[in-house]
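Next up: just one chain, as structure tokens, the form predicted on its own.
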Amino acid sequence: MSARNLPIFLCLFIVAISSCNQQTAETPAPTLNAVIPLPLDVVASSDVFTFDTNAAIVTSGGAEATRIATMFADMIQPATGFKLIVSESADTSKAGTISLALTGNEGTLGAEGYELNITKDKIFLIAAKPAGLFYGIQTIRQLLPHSIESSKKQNNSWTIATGKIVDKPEYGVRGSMLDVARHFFSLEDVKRYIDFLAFYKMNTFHWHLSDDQGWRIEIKSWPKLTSTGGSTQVGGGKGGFYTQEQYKELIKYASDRFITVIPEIDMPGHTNAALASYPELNCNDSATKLYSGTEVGFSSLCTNKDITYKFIDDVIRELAELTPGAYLHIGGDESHATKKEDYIPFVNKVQAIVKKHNKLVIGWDEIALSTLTPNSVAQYWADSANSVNAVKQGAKIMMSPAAKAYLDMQYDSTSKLGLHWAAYIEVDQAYNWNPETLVKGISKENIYGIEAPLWSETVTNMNDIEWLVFPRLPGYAEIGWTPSGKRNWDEYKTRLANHGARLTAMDIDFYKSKRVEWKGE
């Protein structure tokens, strides 16, 4: 080689090395250490299983196993181009087989646990109940390269690491709330939110359907709730509401992903949309004006009128008929315009109405001021004394501390969205808390589950939702799923960093926290 060609050779060599390094960064070696929430037990081996056009899915255990397998096949088809065949009780000895089996015996795995065995030639996924199979599928999905989330065919090698995972959740209820009252979101947006929860093995969706700024669910016996009360939102926009058919559609969509919907009708405060719709719900028989601001605590149903309880009975009846889940959320927070001597009997009467319609009560921690009915749940958000009082009454606690778990809190003082009245919550602060030790007087056996609420004062579209929800939601999912003794921020942030490229592939507009060294960006 001549001396004058040496610089050209060196440049080409450097470019080649850089390209190799870039490929390594974008397509890391398969590993079992990429899953969020962190599984209970992981034993890795040293090989890989490769998905290809010859792969097939074999199920045993009935229609639910086949449905879940078909969901998985449909999910990976856009990125891989593979049309995996799903069959029941076929031969599982063929190389490339992905076997999904329901045992029906909960044993040590419980209703939501699963066991995943990955060899060079086959994948075996077993669970006692369908939910466990579904969560196992989410784990397989996360073990595949992040480009599996693409909606277009990718040129990729679809390999996952071999080994064994045995997994089950720490808490039986793991969820998030979406406020659609302050700003209205389409049914498709809500379904996308459900998809976020399902991907991270969360099983509860709390739907905040009414507030001062809007009433969002059709109540056939009180039609003005939506025609009038649903007509606006924060900032004075158009608003909107869901028909009962749309509500049922969302319930089915969530149920297919093993997510229970808890609808909330907030009362006696946060009720201006209802008060503006029906004058008889006001003590002076005059309708209030529609409200599009963000202040709280100024509204109240008239608690000493019979028509108020007729109204509540009708709303609860229609909602109970539409809702298969055990719980209805009655709100009860920030009722500053309701005197305490009126608030307590009001909540007692509402609890009786919920029971009458064969549902159980959940409400914000203030409901513990009343006499709680058996199997009630108080949602701790602000007042630990209320929550401890609920425990003393035999109630369970949904852990949603505003200073730790509110998704609408800003990350820091420079955040473009959100509020900070409770705290600034960076991604590490969202992760680093333990529900079992947060409040003296509330121990693990008192906890119903954990929930991360998203209030929508500053949120107007799906990108806004995504930016506040991610990357904090995966951490809340892990708090609910993984035993506290196995959780560690320094280890978790590495897994979260690897999810950055996956979130991008899922077209999620997430906050790039500087406390995480994001990969694949």
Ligand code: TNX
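The first residue of the sequence shown is number 1, and the count goes up from there. All values derive from a computational prediction rather than experimental measurement.
Unshown form predicted together with this ligand; subsequent notes refer to it.
Put simply, of Tyr492, Phe470, Trp455, Phe49 only one has a heavy atom within 4.5 Å of this ligand in the predicted complex, and it is Trp455.
Residue Leu419 is the only one of Leu419, Ala287, Met71, Ile85 with a heavy atom lying within 4.5 Å of this ligand in the predicted complex.
Trp381 belongs to the set of residues with a heavy atom inside 4.5 Å of this ligand in the predicted complex. Looking at Tyr114, you'd find every heavy atom of it more than 4.5 angstroms from this ligand in the predicted complex. The closest non-hydrogen atom of Trp364 lies within 4.5 Å of this ligand in the predicted complex. Remark: Glu218 does not count among the residues lining this ligand in the predicted complex, judged by a heavy atom distance of 4.5 Å or less.
The three residues Arg182, His270 and Asp333 all sit with a heavy atom within 4.5 Å of this ligand in the predicted complex.
Of the stretches 455-463, 63-71, 50-58, 482-490, only 455-463 has residues with a heavy atom within 4.5 Å of this ligand in the predicted complex.
Residues are counted as partner-facing when one of their heavy atoms sits within 4.5 Å of this ligand in the predicted complex; in 399-426 these are Tyr406, Asp408, Met409, Leu419, Trp421, in sequence order.
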